[in-house]
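Coming up is one lone chain in structure tokens, specifically the form predicted on its own.
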Amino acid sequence: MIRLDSVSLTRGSFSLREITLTVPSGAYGVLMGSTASGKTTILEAICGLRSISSGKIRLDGRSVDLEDPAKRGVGFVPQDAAIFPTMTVRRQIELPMRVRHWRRARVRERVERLADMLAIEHLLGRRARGLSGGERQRVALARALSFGPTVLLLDEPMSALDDDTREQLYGSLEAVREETGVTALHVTHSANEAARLGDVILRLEDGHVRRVGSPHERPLGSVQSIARGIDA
């Protein structure tokens, strides 16, 4: 579970006050909102990259406000993927496990499993320079999942992808949900993306988060009609 209770924080001249939201365990939450409304700042606070001034952040029922980022059990996929250009794909995925001192055999097994799940086996020996946008995002996703986090945060992972590549990443994210059961919070501007992926759809507006709904609560509606409701 991801739960924010009355969280306030300041980032330069920007601030958020009394942010409250919940994504149930195993659910896929989608957070929408206008540009510069604070969506990315919320993700950074959850994973420990931004300090909060008040309130509580709870992950799986555990307060993590004072914990180091590495101890929170959170995988993070930033908008630009943050891939190291001279490192091979295999090394990219191994890195979080190596810094946690996993045994070599366990690291190798985990890399192979994630590469199979995300269809990037053929990329493992390549350096990140020259990868397509979709390949970079799948590598970033594998890296974020490598150490077995209970929470996955994604910051507009599809914003720079074409339609065909976006469809491939949808498939990858659906495979991740099925295989891992991770609790996710995904930031996007796209109502269609929210309707396609989200169990819980949230909107950040005027400094407050409200729940828009869930596609699964409206099983007879099409993705298009759900998206129109989100846009309204």
Partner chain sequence: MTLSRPRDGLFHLSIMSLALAYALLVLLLLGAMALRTDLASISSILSDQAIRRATLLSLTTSTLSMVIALWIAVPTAYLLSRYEFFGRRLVDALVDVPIALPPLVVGLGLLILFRTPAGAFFESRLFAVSYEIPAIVLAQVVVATAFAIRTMRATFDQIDPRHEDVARTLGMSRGRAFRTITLPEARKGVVAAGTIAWARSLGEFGPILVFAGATRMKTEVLPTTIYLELSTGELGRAMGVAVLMVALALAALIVAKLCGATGVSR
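Values in this document were obtained by computation on a predicted structure and should not be read as measured data. Positions refer to the first chain, counted from 1.
Below: the form predicted together with its partner chain, not depicted.
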If we take heavy atoms and a 4.5 Å cut-off, which stretch out of 117 to 125, 103 to 111, 157 to 165, 83 to 91 is in contact with its partner chain in the predicted bound form?
83 to 91
Heavy atom within 4.5 Å of its partner chain in the predicted bound form, from candidates 61, 69, 207, 181, belongs to 69
Is residue 96 close enough to its partner chain in the predicted bound form to count, meaning some heavy atom within 4.5 Å?
yes
Contact test in the predicted bound form: residue 32 vs its partner chain, heavy atoms, 4.5 Å
no
Touches its partner chain in the predicted bound form: residue 175 (any heavy atom, 4.5 Å)
no
Are any of the heavy atoms in residue 47 no more than 4.5 Å from a heavy atom of its partner chain in the predicted bound form?
yes
Since the partner isn't included here, can you check whether its partner chain sits close to all of 2, 14 and 17 in the predicted bound form (heavy atom within 4.5 Å for each)?
no
Heavy atom within 4.5 Å of its partner chain in the predicted bound form: which residues of 133 to 148 qualify?
143, 144, 147
